[in-house]
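Below you'll find only one chain, the form predicted on its own, shown as structure tokens.
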Amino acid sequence: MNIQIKNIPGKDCACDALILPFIEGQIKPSKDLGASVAALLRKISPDEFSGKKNEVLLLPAPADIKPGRLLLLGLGEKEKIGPEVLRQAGGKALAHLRTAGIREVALSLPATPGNDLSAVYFIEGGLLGLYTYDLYKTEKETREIRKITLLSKPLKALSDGIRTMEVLASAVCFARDLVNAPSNTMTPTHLAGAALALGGKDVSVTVLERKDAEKLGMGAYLSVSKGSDEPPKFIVLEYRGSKKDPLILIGKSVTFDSGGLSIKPSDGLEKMKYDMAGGAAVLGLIRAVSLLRLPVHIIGILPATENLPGGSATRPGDVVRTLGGMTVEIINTDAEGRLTLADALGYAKRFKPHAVIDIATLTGACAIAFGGEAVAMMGNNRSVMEVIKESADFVNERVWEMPLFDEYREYLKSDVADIKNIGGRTGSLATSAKFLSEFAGDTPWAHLDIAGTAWTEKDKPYTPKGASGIGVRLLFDIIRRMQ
């Protein structure tokens, strides 16, 4: 995408379409658009366009100005306009223009409320909303927007913000590609390949094989992989842009989850390729951080495996020993994500991190509780969780804190081992995190359950149907606040 900034009047910008954002009920153009545009807008009735949030109307432009068309874009009520409204406006506007076959677009900033950086959020939503996944379609989408011109003074803060947002949007789309890929092409080996491709001067990548995990005593992680012919890959990436103790990000990376011998129902089973969305988010984050060369120290851990019901698969009732020595009775093999994360949390401690955040499509209970509207958050450190909340509100990847009462430990009490991997249906969202807390120990830690938000069944303003890429933008903002 070619994005440029030009300090010229909208009427003098040669483009296929000029976007004119308006506050609801205030359909008045800026003076630089000329009398002909003002006359055109006076003819628009409120029934045609009133400026309601995400309302669009595409019109032929007057002959005496250079844009070919005008896209009237509603921002809604003035007092409610903020970064999220602008993101949604960007996603709605650019997707609408692409459908209309528009290739070159300009945005008239004088009509945009807010500060000089409002265009950054508009571009963020626009780039995210233009995402498509057509790798396996014979007929590809040929319509694309190739150029966006921002009509503004060439402010350094604006150009820097646009550059950051381009990288971040690209990282989100990278994560979406990984999650949308079918599981026959996104195996643990392929996921390791995607991680290795990020390696370079600033990013080191290590892939532990089965024998390495066995030597380390990762019995919980390896138990998940036993039913699959695909070898597990325990992936570790390190970006060292600072000498500070690292922030460790652990992403659940089950590239296909059948449930194992505790097999899932067939309805919706094809979507279980998305069970590595946490790992994809971590890879996307590291991609963005390394491209922008942020002064942070990040370690990403992806315990990648499949969970299948093969002849050698782990059985309900089996007992395994984790890297830290704790034994786990496996009651349900479909509660596999927490087994992989248990050993990842144990492995993370060797780096003496200042904090650990895990992100995982962990429980169906999360989706039942929040639908597709929020991420469940639990943890043992108030300051870490407060930073997460602030970031979540800002990027609109909302989190909702759930309790980790001591009583939940009783739900996980095993008759034959130190702990069992599931506490039953009641309280299952909280008990899944309580299980993980046993392995986090005293390390400052937070858990993000993205089971309800990693996949969307319908198009949203800047999130097309399919993998949402959630977590990349959230983790990126968390890191910037923590550095």
Ligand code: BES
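Note that residue numbering begins at 1 and tracks the sequence as displayed. Keep in mind the model is a prediction, meaning the values are calculated, not measured.
There is another form of this protein, the form predicted together with the named molecule, and it is not shown here; the text below is about that form.
- This chain is displayed without the named molecule, yet in the predicted bound form the stretch 251 to 259 from 235 to 243, 118 to 126, 251 to 259, 402 to 410 comes within 4.5 Å of it by heavy atoms.
- Shown alone here, residue 422 lies within 4.5 Å of the named molecule in the predicted bound form, counting heavy atoms only.
- At the 4.5 Å threshold, heavy atoms of residue 87 stay clear of the named molecule in the predicted bound form, well away from it.
- Using a 4.5 angstroms limit between non-hydrogen atoms, residue 143 is distant from the named molecule in the predicted bound form.
- Proximity of residue 108 to the named molecule in the predicted bound form falls outside the 4.5 Å heavy atom cutoff.
- This chain appears without its partner; in the predicted bound form, the one residue of 231, 193, 101, 364 with a heavy atom within 4.5 Å of the named molecule is 364.
- 275 is the sole member of 306, 343, 275, 397 with a non-hydrogen atom within 4.5 Å of the named molecule in the predicted bound form.
- In the predicted bound form, 451 is the single residue of 431 to 467 with at least one heavy atom within 4.5 Å of the named molecule.
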